[in-house]
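What follows is one chain in structure tokens, specifically the form predicted alone.
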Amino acid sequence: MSSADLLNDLTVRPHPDDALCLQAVTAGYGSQPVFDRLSLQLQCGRIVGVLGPNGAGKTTLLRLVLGLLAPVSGTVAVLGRELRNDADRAWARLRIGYVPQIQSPTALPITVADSVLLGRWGRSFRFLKRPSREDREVVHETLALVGIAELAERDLATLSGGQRQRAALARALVRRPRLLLMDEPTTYLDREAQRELVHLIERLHQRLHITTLVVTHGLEAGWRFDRTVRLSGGGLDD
């Protein structure tokens, strides 16, 4: 181990005030690592941009945080808790909201409100426990929060791309998460819809004080981050 690696390992440790702490993480798919001894520490309450070219590991980072990918070596801690087993990963996922890239809506008819209600699954209802009146009230409060309350009974498939991303954002926020992960949320939106979504996310971050991690190709949409993390060559170019 080099002196730089040793110093990095000694200075990065999980802390209750950290939203995320990766220590000397090696991770990837098959025999080819995406990250090689990556260490990263992000404090709670900030909005952070994760930038980098295709293949740099942006989505891999999100999979590590969500517990969908286990590191080959090193440790991953979310909200001060190290993800060592399935119980740890389930604990973390209950406290994380996730907004994927914009996707084509399902062919099955579903209202906007019901699509957002699915975000409560596993937190307040499940197979043998139906959604409560409170669940539905939280859904409508969250739809109002993202500015699409009037679309609650619309078929999700009839929404524009920008409206669908607001619905996806509501589905993530309806969990009342402490950490919000967003995977290139403005991709495939036109310039105006990109700016509107960015401004909405920044306003919600300030209002709700949720730690927000945004994976994005660049800053063209007008992002203003508290910190920018650049991934490159299996590590940080920070």
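Since this is a predicted model, take the numbers as computed values, not measurements. Numbering starts at 1 and follows the sequence shown.
This protein has a second form, the form predicted together with a small molecule, left out of what is shown; the following refers to that one.
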Quiz item: Quick one: does Thr59 come within 4.5 Å of the small molecule in the predicted bound form, counting heavy atoms only?
Solution: yes
Exercise. Determine whether any heavy atom of Glu196 comes within 4.5 Å of a heavy atom of the small molecule in the predicted bound form, and answer yes or no.
Key: no
Quiz item: Would Gln163 count as a contact of the small molecule in the predicted bound form, using a 4.5 angstroms cut-off between non-hydrogen atoms?
Solution: no
Self-check item: Heavy atom of Leu173 within 4.5 Å of the small molecule in the predicted bound form
Solution: no
Practice problem: Would you mind picking the one in Leu40, Val34, Val48, Ile210 that has a heavy atom within 4.5 Å of the small molecule in the predicted bound form? | Solution: Val34
Quiz item: Taking the partner as it appears in the predicted bound form, which of 188-196, 26-34, 174-182, 202-210 has residues with heavy atoms within 4.5 Å of the small molecule?
Solution: 26-34
